[in-house]
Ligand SMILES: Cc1cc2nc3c(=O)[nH]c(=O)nc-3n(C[C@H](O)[C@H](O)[C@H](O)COP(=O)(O)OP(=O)(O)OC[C@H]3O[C@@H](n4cnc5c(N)ncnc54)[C@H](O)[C@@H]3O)c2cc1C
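Just one chain is shown here, as C-alpha cells, and it is the form predicted on its own.
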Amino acid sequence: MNKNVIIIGGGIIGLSSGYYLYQNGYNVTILEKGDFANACSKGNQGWVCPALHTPVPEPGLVGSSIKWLMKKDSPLYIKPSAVPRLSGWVSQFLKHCNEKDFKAGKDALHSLSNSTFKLYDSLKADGLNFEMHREGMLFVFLNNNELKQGINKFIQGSKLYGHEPPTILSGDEVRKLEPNISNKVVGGLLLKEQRHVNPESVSKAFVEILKSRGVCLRSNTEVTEIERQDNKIMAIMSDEERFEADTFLLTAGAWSGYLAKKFDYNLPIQAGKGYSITINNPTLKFKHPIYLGDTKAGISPYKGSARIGGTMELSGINLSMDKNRIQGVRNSVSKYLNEELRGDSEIEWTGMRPMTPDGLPVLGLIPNFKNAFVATGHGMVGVSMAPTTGKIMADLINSGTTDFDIEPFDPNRFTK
C-alpha cells in the first residue's frame, strides 16, 4: 500500500494531522503558503477548555445582529462594508441561531472533546515540548444575571457531558484567587479541570518533532492548481513545482473555501477575525486564564507574558488591524481589573478563525473524490481540538473509519 500524503496548510490542524499520519506510517509532506503556524494558530488565547465548546451561532443572535452592525466594540461585529459579499453566508449563519441547532451543535462538539486532555497528555509523553498549564479556568462577571446564566450553563454541561461541575465563587472569593480583579466583579465560577497552553509553543513543538522525524515541511509554497483524473487527485501545483501523492488533505483554515473551489467544492468558510495583545513582563500577574463573562474577552497568563484578546469580526479575508477593535479589547479587560495592565513591550495581533455557518468543523472526504480530504472550520476551538482532529483525519485516511462520531461534521452537509 502506498502511503504518501500531502497536507495543504501548515497551521495547527495541518501539523497535528501530519503528526498522527506519520505515526500511522505515512510519508508526509506539509505545504504552507507562508510561515508555519503563523496565522490563526498564533496569537490566540490557547484555551484547552472543552466545557466551553459551543457553536458560535446561538439563540438570540438574530435580534442582536442589527445592533452589532453599528457597534465596533461588540463581541460579534459585522463590518457594514463587507455585508454585500458576506450576505449569503450570514443568512445561513442566522438560520442556525435556534435552540435545536445549537443543542445539536453542542452535542457534536462535546462528543469530540472527551479525548482532548488524554491526547494532550500523550503529546507530552511523546516528547513534544510545549507550555501547558493545569490551573483550571476562571469565569468572572460584573452582572449578577450573567453570573447566574454562566452557573446554569456549566451545571447543565456537567450533567449532559460529564464535565466537572463549577465551583461557584463570591466576588471576594474571586479576588482571593486573583487579587488584581476589581471590586466591580460580583462573582465567578471555577472549572478546575480545564487547561490552557501557549499556542505558539504547541505549534513550534509539532514543527520540531515533525522535522526530527523526517517529515517534509515546505514553507512559502502556495498551492495554485490541482491535477485530477476522474474522482482522484493526481498532483497539486505551486508556481514552480508539481507534487504527487496518494492522498491529499486540505487544512488551510480561513483560506480553505478559496482552495476548495479548485476541487469543485463549495465550502462556506468565512474568516472570523479575532484580536489580541500580548504583554511581555506584565505589571499584573494572574494564576488562571480568565474569561470575562459580560464582554466575552479573556486573559491568558503565560511564562513571562499575559495575553488579552477577544471579539469576532466578520469582514472577509484580510489582516488589516482595526485599532478601534484593539482598543475595544483593552477597554473590555480594564473593566475587570484594579489598575491598568502594562508591560515592557506589547504585540498587537489579528488572526482569522475559519468559520462555518453552523459553527461546526468540516471533517472527511471532499465530495466527489476518493483520495482528497478536508479538515477545517474549527472557529475558536482549533487549538483545543487539534489533537482530536489530527487523530480523526489519520484514522480516516488510514482505514476509512474512526471511533469518533463525525457525522455532524460531514463535508457533504453543505451540498444537501
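Quantities reported herein were computed from a predicted structural model and do not represent experimental measurements. We number the residues from 1 along the sequence you see.
Although not depicted, the form predicted together with this ligand is the subject of the following passage.
Think of it this way: in the predicted bound form, this ligand has a heavy atom of just one of Leu189, Leu259, Ala205, Ile181 within 4.5 Å, and the residue is Leu259. The contact with this ligand in the predicted bound form, taken as any heavy atom within 4.5 Å, belongs to Glu222 out of Asp101, Glu222, Asp246, Glu164.
Across the proposed site, Pro57, Gly316 and Pro361 without exception lack any heavy atom within 4.5 Å of this ligand in the predicted bound form.
The stretch that touches this ligand in the predicted bound form, counting heavy atoms within 4.5 Å, is 270-278, out of 90-98, 270-278, 170-178, 121-129.
This ligand is not shown here, and in the predicted bound form it never comes within 4.5 Å of any heavy atom of Met393. At least one heavy atom of Gly310 is located within 4.5 Å of this ligand in the predicted bound form.
Contact check for Thr388: every heavy atom lies farther than 4.5 Å from this ligand in the predicted bound form. Heavy atoms of Trp255 reach within 4.5 Å of this ligand in the predicted bound form, making it an interface residue. Shown without its partner, the chain has Ala39, Cys40, Ser41, Asn44, Gln45, Gly46, Trp47 in segment 38-60 as residues with a non-hydrogen atom within 4.5 angstroms of this ligand in the predicted bound form.
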